[in-house]
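For reference, the chain that follows is the form predicted alone, supplied as structure tokens.
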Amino acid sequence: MEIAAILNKPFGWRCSPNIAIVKYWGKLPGQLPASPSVSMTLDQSATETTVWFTDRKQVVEFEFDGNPAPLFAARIRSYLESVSGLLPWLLQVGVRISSRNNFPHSAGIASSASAFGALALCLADAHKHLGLVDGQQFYPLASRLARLGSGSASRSVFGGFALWGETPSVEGSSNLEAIALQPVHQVFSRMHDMIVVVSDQKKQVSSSAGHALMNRHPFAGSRYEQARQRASLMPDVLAKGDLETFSRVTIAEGLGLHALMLASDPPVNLLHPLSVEVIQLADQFRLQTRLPLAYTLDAGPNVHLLYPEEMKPEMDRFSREYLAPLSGTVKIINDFCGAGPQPLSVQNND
């Protein structure tokens, strides 16, 4: 292994965040999930990250949108230490990282998933360049590396739909890394995500603190069993194009996540009055049209409206007629199911 082969060579990747269909809520030591989760990786929203390895041993430099970010650099330094067991050569180099997002912070899009997904892909790429991993194991390694930075990031290194967490009925599923779910019916491979941003304020309770609340949650055991059952359903739902079951599970999971937070000790309310209003409008639209509009929320107030390509004209009408009265108080970000991460064409600017 010649470390010189990667020094000052740029490794760059574009990675998108994902929206969880079956939620990851509750974790075990070692950044392992207490129950499995299923997600859809987005397309338009993305993080682009480029990494250079230097001869300045264990020196970490990080810039975001062209500006130094020393606080995040400290988090990255801790993360690199945590993955050095998988990538021991990291102890022999310094790391310089440049990253940017094309979507706004606190917009209801999990930037930690795309950020650690992109960084993990860069690290796995360097590992491959050193001849230490083959093409077949590249994405599993990237997923495992991403998981150690952010659990949901393990799913973002795959396009389409991904499952993270041991699920006996799904071959290859693991707590250590995510897997891509295949086959997926075309109705799901062309799913849209209309993100209704009702608040762009920083959450009062972090996701890490929220996960910790599950350690003493009175409903933790039943929740984990419920997640296991729903995750085991999803491969068949996705393969058959079962929009009705998909919609039912997606809605139940989004509302159930917030019910768990409200039932925590102490209780946590991350919903905004406008969150409830948007949900009520979506329910009204579903009732009036009988269309399989699904909606969900992550651990925040913003609402994701999920629908197939064939519903786009009706959803354009929903936006005009139902959401227009809220136009001064909400923002809309339109995205859709993505094909997965892509390497960047970057030049060596050392």
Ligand code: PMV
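Counting begins at 1, following the sequence as shown. Please read these numbers as outputs of a predicted model, since none were measured by experiment.
Absent from the display: the form predicted together with the named molecule. The rest refers to it.
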Which residue, 96, 217, 192, 211, is the contact with the named molecule in the model of the complex, using a 4.5 Å heavy atom cutoff?
211
Partner-contacting position among 167, 143, 150, 250 - heavy atom within 4.5 Å of the named molecule in the model of the complex:
150
Where, among 172-180, 135-143, 203-211, 77-85, do residues come within 4.5 Å of the named molecule in the model of the complex by heavy atom distance?
203-211
Mark residue 275 yes when one of its heavy atoms lies within 4.5 Å of a heavy atom of the named molecule in the model of the complex, and no otherwise.
no
May I ask you to check whether residue 25 falls inside a 4.5 Å heavy atom distance of the named molecule in the model of the complex?
yes
At 4.5 Å between heavy atoms, is residue 299 in contact with the named molecule in the model of the complex?
yes
Taking the named molecule as it sits in the model of the complex, is residue 112 near enough to touch it, meaning that at least one heavy atom pair lies within 4.5 angstroms?
yes
Could you list which residues of 256-295 come within 4.5 Å of the named molecule in the model of the complex, counting heavy atoms only?
257
